[in-house]
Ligand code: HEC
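Listed next as structure tokens is one chain, alone, in the form predicted on its own.
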């Protein structure tokens, strides 16, 4: 009986040491899991608030059904600046009366066209104040010196897809900018690619894009 007790004593000591080590390592791995969950899922979620556009708008209806050209609503002004969003007055050229039966058009007509109120559209691609961007050199003609874009493909190369429905707008709680605002690495796909410079004559000097 005594021999059995003596033989099991070392085993108990080994098990005890193993449990102690396990107790020391377990919090480390739990901490890693918590950090990964917080860093990859929770923190990015908390960083942005989600908003929907005041009026649901579909490009498909205006382009494929109404037959409008992109330049009808999005055009370069005589001074070279770009008019990205048409005014309510410009929209009212067609929307003087209700043209369909959709709830979105009813909201637009009742709340904006009839009272002459501008829509506070949420801008997906608003650039910081220190960034200068011109749509003029990024035209279909210039870009197609190196690429073969259709008009839709060229827009989608930089902009979010708003063909069927305006996607949810995600705003950074700290900076106030959209999650979809183009980042510098996206611009560098062309501007930092030496194979594109001959066709686009792009200048990579910092002052060209940054004030």
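Residue numbers count along the first chain shown, from 1. The structure presented is a predicted model; accordingly, all values stated were derived computationally and were not measured.
The form predicted in complex with the ligand exists for this protein as well; it is not shown, and the discussion that follows is about that form.
A.B. asks: Does the ligand come within 4.5 Å of any heavy atom of residue 52 in the model of the complex?
C.D. replies: Result no; residue 52 lies far from the ligand in the model of the complex.
A.B. asks: Test of understanding: in the model of the complex, would residue 102 fall inside 4.5 Å of the ligand by heavy atoms?
C.D. replies: Yes, residue 102 lies within 4.5 Å of the ligand in the model of the complex.
A.B. asks: Within a 4.5 Å heavy atom cut-off, is residue 157 in contact with the ligand in the model of the complex?
C.D. replies: So residue 157 counts as contacting the ligand.
A.B. asks: Report yes if any heavy atom of residue 66 sits within 4.5 Å of a heavy atom of the ligand in the model of the complex; otherwise report no.
C.D. replies: Yes, residue 66 sits close enough to the ligand in the model of the complex that at least one of its heavy atoms falls within 4.5 Å.
A.B. asks: Between 45, 168, 172, 56, only one gets a heavy atom within 4.5 angstroms of the ligand in the model of the complex; which residue is that?
C.D. replies: Of the candidates 45, 168, 172, 56, 56 is the one lying within 4.5 Å of the ligand in the model of the complex.
A.B. asks: Determine the residues of 124-144 with a heavy atom within 4.5 Å of the ligand in the model of the complex and present them in sequence order; the list may be empty.
C.D. replies: 124, 125, 126, 127, 128, 130, 131, 132, 133, 135, 137, 138, 142, 143, in sequence order.
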